[in-house]
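Here you get one chain, nothing else, as structure tokens; it is the form predicted on its own.
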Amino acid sequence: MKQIIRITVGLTISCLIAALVMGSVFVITDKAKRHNEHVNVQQTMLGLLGYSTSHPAPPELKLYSIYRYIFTDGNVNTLGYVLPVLKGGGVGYQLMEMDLDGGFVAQHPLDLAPEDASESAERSAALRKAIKPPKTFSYADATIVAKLGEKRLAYLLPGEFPGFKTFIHVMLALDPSFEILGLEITEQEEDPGLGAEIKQDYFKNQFKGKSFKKIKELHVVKEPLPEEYKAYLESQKGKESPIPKAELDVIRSRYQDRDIYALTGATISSKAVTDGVKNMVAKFAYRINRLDKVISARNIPAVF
């Protein structure tokens, strides 16, 4: 009997030690994984803004994140924005609530430190303190505003939409007039050699430079991609191009207002990206214009 007890105690202690070790390893590796993901996202955003290791971002460049939530109170839905604002000489956060027509509903200070704002759990905890039951909330999306000094440089939009097989994840960069600065395909599972070509420069760079007006009427055409245009698209990597600048300008002006050339054998994937980008831009332009109006009318000290 004593031997059974010793074996049981020994096994229990071994299991506890193993669980402790595994738990510690998970915490360490999970933290490292999230850090690496954050670094990758930062590099993607800076790349879309034209910065690289050879052309680093200036110190006055700042990236501010805005988080959008859907609030539900019975049958009534409202929009909640977690906004970075000036606070005591630094940056704090405030919750601003709007109705679905863009009208102001309420403001709430948030107990949220800047270093914690990127963490979903920390934002949720701060929102639970500010929003009382029976009202509930769910995360919708995020927008990153890039500022260079006191001037808005760009909007960076993480997004996703259905592809041919699964969801396609992207990062889209827009200038303040909603012209496309760049598109990056961050995750996709389209067919290799066909739809998966959406990640290639000769496809995704077709969106670069498209104006807001053109985006709204953008279509996909099933025509061969002209060789000169393909060479131009593949040269748009922030590096010095082998094509003379004068020739680049001619090619750009020739194709700037064209529709999107479909990938060979992957029209569905091409159309999925085109429609997805169109919807992202249209919805964002609508929301940011209404958000800016409320911020201005309420004198909210937003830092972006």
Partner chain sequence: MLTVSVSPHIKSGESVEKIMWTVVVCLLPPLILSVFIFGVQTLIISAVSVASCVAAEAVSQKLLHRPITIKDGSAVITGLLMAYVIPPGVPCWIPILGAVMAIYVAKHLLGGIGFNIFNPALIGRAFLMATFPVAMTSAWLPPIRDAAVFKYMGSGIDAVSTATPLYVLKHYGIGALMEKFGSMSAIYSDFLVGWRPGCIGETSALLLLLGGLFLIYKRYITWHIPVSVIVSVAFFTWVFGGEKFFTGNPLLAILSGGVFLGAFFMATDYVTSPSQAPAKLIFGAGIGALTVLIRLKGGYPEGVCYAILLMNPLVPALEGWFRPKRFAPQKGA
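Positions refer to the first chain, counted from 1. These numbers were taken from a predicted model, which means no experiment stands behind them.
If you look for the form predicted in complex with the partner chain, you will not find it shown, but the lines that follow are about it.
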Problem - the partner chain contact in the model of the complex: residue 152, any heavy atom under 4.5 Å - result: no
Problem - Touches the partner chain in the model of the complex: residue 89 (any heavy atom, 4.5 Å) - result: no
Exercise for the section: Classify residue 134 as contacting or not contacting the partner chain in the model of the complex by the rule of any non-hydrogen atom within 4.5 angstroms, answering yes or no. Expected result: no
Exercise for the section: Check whether residue 232 has any heavy atom within 4.5 Å of a heavy atom of the partner chain in the model of the complex, and answer yes or no. Expected result: no
Practice task
Just give me the single entry in 176, 114, 193, 103 that has a non-hydrogen atom within 4.5 angstroms of the partner chain in the model of the complex.
Solution key: 193
Practice task
Could you check which residue among 128, 222, 214, 147 gets a heavy atom within 4.5 Å of the partner chain in the model of the complex?
Solution key: 222
Handout entry: Candidate stretches 267-275, 58-66, 245-253, 43-51 - the one whose heavy atoms come within 4.5 Å of the partner chain in the model of the complex
Key = 267-275
Exercise for the section: Scan 150-182 and write down, in order along the chain, each residue with a heavy atom lying within 4.5 Å of the partner chain in the model of the complex. Expected result: 164
